[in-house]
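There is one chain below, alone, in structure tokens, taken in the form predicted alone.
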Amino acid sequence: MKKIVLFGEALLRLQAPSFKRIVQAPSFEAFFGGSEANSAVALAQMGANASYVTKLPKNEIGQACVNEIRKWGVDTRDIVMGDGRMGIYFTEKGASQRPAQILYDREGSVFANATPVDFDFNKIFDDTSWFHISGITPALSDNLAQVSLEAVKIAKSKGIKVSCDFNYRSKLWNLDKAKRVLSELVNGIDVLIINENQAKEVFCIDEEDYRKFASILAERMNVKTVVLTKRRTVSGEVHRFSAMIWNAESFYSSREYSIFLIDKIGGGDAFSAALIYALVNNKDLQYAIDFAAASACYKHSVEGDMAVANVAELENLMNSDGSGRFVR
């Protein structure tokens, strides 16, 4: 089985307990995560050969992160260790009309300071069928924007499928720079995964018909397949989620899930992982979008950054009425 390579920053998350605000918290619960790390862990639990690439501090915290990712079955041999600090982010859960909050402390992390010499993608991509990256990675530094663009270029030159979870983060960079760098990053890739609101904000596409919306985006970005995720916030604890997939021949939609959020973090990463798994295994597009949406829904019921679910559990949700009724 060929590798699925995922590249991005691993982070230490410090979560305020229960529904306390960050300013109230007497202590914090620690989780490891990060967009591509979360997707790698989810893919490994589905039985995929997932390989995660990042740079971590050469100390006990960095090693603890490697251990956590490896224990789920992810190949960590291409993780680079070096001097520096690990990126951190603080979170508090939303409730009722109060939204969840994220506070980043990741500037100057060992990964943000990584350079092209840290990663030999010609070697990393040996025996690889798929490469996945998110729009968060090039936002962290000019060096990482260069590394990200070079990795995508090398992957495409080797005939490796490339996917990108667009993940525009306004707290990490300004809109103009994000549009310029991400437009170059996703140009000509195989699968673009993007939230409909971010697509409208960054690319200013004014179109209510989702099929036309995806078609315009695909043509503008020279992308083969566009995947749109659609989230409606009912309250801090309840969201409605669905997704659509488009290519030149077809357009399919998932059903809409009403989700009570145990943890909002990582739903999109679980979605990306399930989508990649389905496409790598040559599932049809209706299955792919249904499976990915079920994975996102399932992740929201799990505490921590990383999804804990196998294929059977996700297919059970995908084929159920979505009520969460006890199975015995």
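Position 1 is the first residue in the sequence shown; the rest follow in order. Just so we're clear, the structure is a prediction, and the values are computed from it rather than from any experiment.
The same protein also exists as the form predicted in complex with a further copy of the same chain; that form is not shown, yet it is the one meant from here on.
K.L.:
Report yes if any heavy atom of Ile265 sits within 4.5 Å of a heavy atom of a further copy of the same chain in the predicted bound form; otherwise report no.
P.N.:
Yes - in the predicted bound form, heavy atoms of Ile265 and a further copy of the same chain come within 4.5 Å of each other.
K.L.:
Please tell me whether any heavy atom belonging to Asp190 falls inside 4.5 Å of a heavy atom of a further copy of the same chain, as the geometry stands in the predicted bound form.
P.N.:
Heavy-atom contact with a further copy of the same chain at 4.5 Å: absent for Asp190.
K.L.:
Just to confirm, Tyr287 within 4.5 Å of a further copy of the same chain in the predicted bound form by heavy atoms?
P.N.:
Tyr287: no contact with a further copy of the same chain in the predicted bound form.
K.L.:
Lys123: heavy atom within 4.5 Å of a further copy of the same chain in the predicted bound form?
P.N.:
Result no; Lys123 lies far from a further copy of the same chain in the predicted bound form.
K.L.:
Using heavy atoms only and a 4.5 Å cut-off, determine which of Leu103, Val80, Ile205, Leu149 is in contact with a further copy of the same chain in the predicted bound form.
P.N.:
Exactly one residue meets the criterion: Leu103.
K.L.:
Report the stretch among 207-215, 91-99, 127-135, 152-160 that approaches a further copy of the same chain in the predicted bound form to within 4.5 Å, counting heavy atoms only.
P.N.:
Only one stretch qualifies here: 91-99.
K.L.:
Is every one of Ile4, Arg180 and Tyr252 within 4.5 Å of a further copy of the same chain in the predicted bound form, counting heavy atoms?
P.N.:
No: none of Ile4, Arg180 and Tyr252 comes within 4.5 Å of a further copy of the same chain in the predicted bound form.
K.L.:
Who in 237-266 is close to a further copy of the same chain in the predicted bound form, meaning a heavy atom within 4.5 Å?
P.N.:
If the 4.5 Å heavy-atom criterion is applied to a further copy of the same chain in the predicted bound form, 237-266 yields Glu237, His239, Tyr257, Ser258, Ile259, Phe260, Ile262, Lys264, Ile265.
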